[in-house]
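Just one chain is shown here, as structure tokens, and it is the form predicted alone.
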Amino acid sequence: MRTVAVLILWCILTWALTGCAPSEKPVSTDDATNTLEVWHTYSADSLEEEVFETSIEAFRRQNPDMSVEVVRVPFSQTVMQFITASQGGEAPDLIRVADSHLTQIGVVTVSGVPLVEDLRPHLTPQQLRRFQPLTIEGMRMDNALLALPASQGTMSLLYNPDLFAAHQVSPPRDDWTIDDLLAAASAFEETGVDGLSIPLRWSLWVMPFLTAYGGDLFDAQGDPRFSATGFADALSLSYALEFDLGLVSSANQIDASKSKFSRGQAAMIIEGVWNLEDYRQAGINVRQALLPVHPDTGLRMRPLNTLIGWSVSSQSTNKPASVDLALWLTGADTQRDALNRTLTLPTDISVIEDAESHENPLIAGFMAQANHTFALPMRRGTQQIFLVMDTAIELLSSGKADPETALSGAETEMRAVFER
């Protein structure tokens, strides 16, 4: 009885202080709190955009009192447009971001307030546990969780089995070494077909070779270690593939490499999951295998793994609803739909387990490759690695520096970037 009396007294005091009956829920008179503005970066009229819109429509049905306004922004302009909108007090409630965007957005503040919300106070441990741990870690900066991971993406070894059969060359296997890769590429010499088509003037395609020769590009503190033992040999190999062995065309630009594989003029390519559909639409009977291992180090070539997720703006007038929508857009049902319809690699553990045993060998294969990847440290300036490494590759290919000098210079420059 004493407990009941205390509760009654508390209710009376609440009523007196607030001027409303304690059983009533506060009702906002601002319609903006019932409207969520969402910025996305999907290409117009793409299948990915269609999957996104399907998920948004399902959310609207589940939340009829909420209005969701969708705005498309160019992927390359995401950071600048979001910073500009935030500085003007007009940021959207939710925005689709890549991990590379977060390393730029995550260090900007407006009046001392970060641009995006730290999601940790809004989520339960159970909600976080459904994500693959590495994908959650890839959305953190200084421990703050700046986004929920919706998808991951990586490169792997793609090949045209019809060309291998036509020229009686054994196709790639998951247990291949780098020597096997080079031997197979050499077998296509004088056939009119490139054995291997990769743009080795671009660091994104050189990095997997570096990891097989030397391991991690960054140490446990996130500092660069490009001059570590082994990396110079890997850079020498990438040079030799073009200039000494002649296994990679000197016109190895990204578009040219992709075009050759699309036209059936290249037997193998190191390529991302995001271009699979383009090759299938071009009529290529594309197949996938894991990137090979180094025969001496035993280390597998590991490509960069990238993440895309959903961030909640710190300026959102309805953060609980924004978090709910972020959870919805990264939910198992949404991820499973994206996986099956667009080959988008999931981050939800239950969907990952489905993908790893998927009847589509391309899906299963890329999920297996995702277990052999590396991530860039989530810190300011990290994305400068591509400019820094591209410069090192150019110095080597132009004869202005040897591999050791090029990599040492790249490491020095990267450390300077972090210190700015």
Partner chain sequence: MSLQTASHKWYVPFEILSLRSVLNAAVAMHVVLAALELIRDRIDLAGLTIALAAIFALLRWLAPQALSGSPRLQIVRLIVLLSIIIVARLTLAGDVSGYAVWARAWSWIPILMVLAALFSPYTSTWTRQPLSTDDLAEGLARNRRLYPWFQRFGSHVLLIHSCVLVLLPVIWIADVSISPGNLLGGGIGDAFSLEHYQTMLGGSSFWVWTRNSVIVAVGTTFFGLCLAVPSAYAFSRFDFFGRRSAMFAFIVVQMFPGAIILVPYFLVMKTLGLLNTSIGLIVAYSVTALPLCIWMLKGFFDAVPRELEEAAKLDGCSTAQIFLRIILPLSIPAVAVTGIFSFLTAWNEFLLALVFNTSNDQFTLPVGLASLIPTDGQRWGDFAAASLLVSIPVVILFILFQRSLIQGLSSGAVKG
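Predicted model only: the values in this text are computed from it and were never measured. Residue numbers count along the first chain shown, from 1.
Just so it is clear, the following notes concern the form predicted in complex with the partner chain, a form of the same protein that is not shown.
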| remark: Students should find that, of 74, 161, 295, 222, the residue having a non-hydrogen atom no more than 4.5 angstroms from the partner chain in the predicted bound form is 74
| remark: Partner-free chain; cross-checking the partner chain in the predicted bound form, the single residue of 262, 236, 342, 177 with a heavy atom within 4.5 Å is 262
| When you measure heavy atoms, are 70, 87 and 281 every one within 4.5 angstroms of the partner chain in the predicted bound form? | yes
| said: Since only the chain is shown here, I'm wondering whether residue 218 would be in contact with the partner chain in the predicted bound form (any heavy atom pair within 4.5 Å). | reply: no
| Interface membership of residue 188, the partner chain in the predicted bound form, 4.5 Å heavy atom rule | no
| Does residue 35 reach the partner chain in the predicted bound form, with heavy atoms at most 4.5 Å apart? | no
| 4.5 Å heavy atom contact, residue 308 and the partner chain in the predicted bound form | yes
| task | Name the stretch, out of 333-341, 205-213, 281-289, 178-186, where some heavy atom lies within 4.5 Å of the partner chain in the predicted bound form. | result | 281-289
| query | For the stretch 37-67, which residues lie within 4.5 Å of the partner chain in the predicted bound form by non-hydrogen atom distance? | reply | 39, 41, 42, 43, 44, 45, 46
